[in-house]
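Form predicted on its own, single chain, as structure tokens, below.
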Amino acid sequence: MDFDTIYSEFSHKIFSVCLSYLNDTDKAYDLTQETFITVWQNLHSFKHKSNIGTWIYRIACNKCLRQIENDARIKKVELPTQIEVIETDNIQEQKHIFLRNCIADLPELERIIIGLFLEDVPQERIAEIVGLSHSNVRVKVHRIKEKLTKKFKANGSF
């Protein structure tokens, strides 16, 4: 498989994974680029012991984890309390924003799992990426869906 094909097949999914880790669009774009730079540089050494998608997801996850560690070391400044909220009339967009916020509130492993699941990554591959058994991933996906459903129902506005 050539790099252009790999990039076109996986770049959107990798961006979504990075976004689910970091909840920051700019950082997600940066880490997506860094992931594919690493893929480009190491494609010749890929040994096909696993699916190429699993290899790329693992690279992205590792980069995201390093970014989270680096961000934790940097002193954060409080945001002003008066932040302009963008209102939208589009119900679907409101639901999407609410869902992203709910996912951002999940623990790290659950964010990773649901992010991959929402990108239609098969549960078997998710299990390989996060290092859990397939049955454990299946249970976690079910429980995460239940958590998110409860949050949507508790919100009541949708």
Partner chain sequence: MDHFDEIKDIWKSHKTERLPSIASINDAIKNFHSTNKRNIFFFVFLSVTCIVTMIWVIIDYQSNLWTTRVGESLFILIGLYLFFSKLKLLRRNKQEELLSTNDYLDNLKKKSQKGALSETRAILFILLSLAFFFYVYELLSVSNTRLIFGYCLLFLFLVFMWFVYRPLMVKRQQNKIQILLTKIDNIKNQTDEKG
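Fair warning: this is a prediction, and the values are worked out from it, not measured in the lab. Numbering follows the first chain given and starts at 1.
Unshown form predicted in complex with the partner chain; subsequent notes refer to it.
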So in the model of the complex, is the partner chain close enough to residue 90 to count as touching (4.5 Å, heavy atoms)?
no
With the partner left out here, check for me: in the model of the complex, does some heavy atom of residue 134 sit within 4.5 Å of the partner chain?
no
Under a 4.5 Å heavy atom criterion, is residue 68 part of the interface with the partner chain in the model of the complex?
yes
I'd like to know if residue 52 sits close to the partner chain in the model of the complex, meaning any non-hydrogen atom pair within 4.5 angstroms.
no
Out of 118 to 134, which residues reach within 4.5 Å of the partner chain in the model of the complex, heavy atoms considered?
118, 119, 120, 128, 129, 130, 131, 132
